[in-house]
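Only one chain is shown below, in structure tokens, and it's the form predicted on its own.
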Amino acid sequence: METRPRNGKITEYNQPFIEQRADPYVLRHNDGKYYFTASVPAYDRIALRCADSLTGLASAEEKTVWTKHESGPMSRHIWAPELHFLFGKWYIYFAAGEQDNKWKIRPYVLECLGEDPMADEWIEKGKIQRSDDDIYSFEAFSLDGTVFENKGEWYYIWAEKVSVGIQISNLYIAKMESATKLSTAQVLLTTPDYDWERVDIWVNEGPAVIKHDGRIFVTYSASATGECYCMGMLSIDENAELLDPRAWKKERYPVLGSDPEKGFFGPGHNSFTQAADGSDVCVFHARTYRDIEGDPLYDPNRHTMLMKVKWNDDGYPVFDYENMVR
């Protein structure tokens, strides 16, 4: 049973959209329906919600579509599910560990056998497959896979720790051959370069993609999962070579961080969707208090929040707590 949410200072800005749902992902499908999934506090299952409006997701019934195994792969730490429709089918991408080795986190895929992800059967497709010429990907702690399309090609971005030393978490990109297999070897997109990406642990993770005026933006999360957690950003021209790391621009400073005055702590692991009027919305999680008892990973009160995305004169997204959807 999930514990009662603990709330800190509730302000006019930080009222949760959905309580106790971390790593939130919202998809607006081409039929206008909205779907929601996220990590649940017990990390033991994958659940979906569906509504006719974005705000309707808050009160929509939640349905469990898959539950963790009792042992072996996919039996512990069910993290950051994402629902996508590609190659003509519904898929859920998520990460999971093992009961006897909880940090053996790898990326897995579920496929829906029908057209209705809420009602039809889901089957396991196993771990996502690397390309035939890649002997490195998914051999170490790997998670937070997301997919996006550009110029008729599908791409997969994920976080993976280098398998030596203290295991730094980087972001990688590759093209996709199918919904379950990559067609190119991994390319390093970003590693924790800056001080704000290296608080407690060195981390780049949780990629999310948004497009605007011919440019592709990838936000990501950095540092440990407490107050220091924050969002960075990369971008590239849609006509550039996406597998050329030199073509990407990395922002020097976070684009979203904690704001004690407004009551946000550890914002991150976001996704993007669109409101009914076509405006862009950032879906992210944050806590409403700073002090955490025990390991932040097991504090259940990372709540889903909604923020309107504004665009500046240079065509770059602006993330501002003044633009929260309330």
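Quick caveat: nothing in here was measured; it's all calculated off a predicted structure. Start at 1 and count along the sequence shown; that's the residue number.
The protein also exists as the form predicted together with another copy of the chain; that form is not presented, and the subsequent description refers to it.
Not displayed here, another copy of the chain is kept clear of Phe87 by more than 4.5 Å at the level of heavy atoms in the predicted complex. Contact between Tyr136 and another copy of the chain in the predicted complex is found at the 4.5 Å heavy atom cutoff. A residue is said to contact a partner when one of its heavy atoms sits within 4.5 Å of a partner heavy atom; Glu149 fails this definition for another copy of the chain in the predicted complex, lying far away. Within this chain, Thr190 lines the site of another copy of the chain in the predicted complex, having a heavy atom no more than 4.5 Å away.
Partner contact region in the predicted complex: 155-163, out of 73-81, 111-119, 155-163, 96-104, criterion any non-hydrogen atom within 4.5 Å of another copy of the chain. Among Lys175, Arg198, His212, Lys127, the residue placing a heavy atom within 4.5 Å of another copy of the chain in the predicted complex is Arg198. At a distance of at most 4.5 angstroms from another copy of the chain in the predicted complex, all three residues Ile168, Ala185 and Trp248 contribute at least one non-hydrogen atom.
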